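Have a look below at one chain only, the form predicted on its own, in structure tokens format.
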């Protein structure tokens, strides 16, 4: 993995190590994830609570989607399928729930504890085709770091 991508993973691990609440863990992580790229235009967490995805800490414009059903949108699809979803052109994907008219691409990475979905990382970009395979791998590693910390904080 490229050094700057590994640095993000290591920085997240260090930043959340002493956090004791879910909100504090997610807030520290989202700040570092968002700072990774100038083209991350909405960066946040959705957490699975009571059978729906509820918006957690995020950076970006307000979202109308504070609660997402498991069968709705790219976020619902990623959680239901327990796998990352990368969409190069959100306007071409019928599952897309528009948070912003400027969003062009999106990546959603589930927070998985074995087969259990705890939540997910969701990032929108105003650049089409912004997210790479390397971004997916990096964010999946970040997700695992966050999951491990959430498990010990609960």
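Residue numbers count along the first chain shown, from 1. From a predicted model like this one, the values you see are computed outputs, not experimental measurements.
Missing here is the form predicted in complex with a small molecule; even so, the following discussion is about that form.
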query: All of 40, 85 and 127 within 4.5 Å of the small molecule in the model of the complex, heavy atom check; finding: no
query: is_contact(residue 75, the small molecule) in the model of the complex, heavy atom dist at most 4.5 Å; finding: yes
query: Contact of residue 27 with the small molecule in the model of the complex (heavy atom, 4.5 Å); finding: no
query: Heavy atom of residue 96 within 4.5 Å of the small molecule in the model of the complex; finding: yes
query: Residue 54 within 4.5 Å of the small molecule in the model of the complex, heavy atoms; finding: no
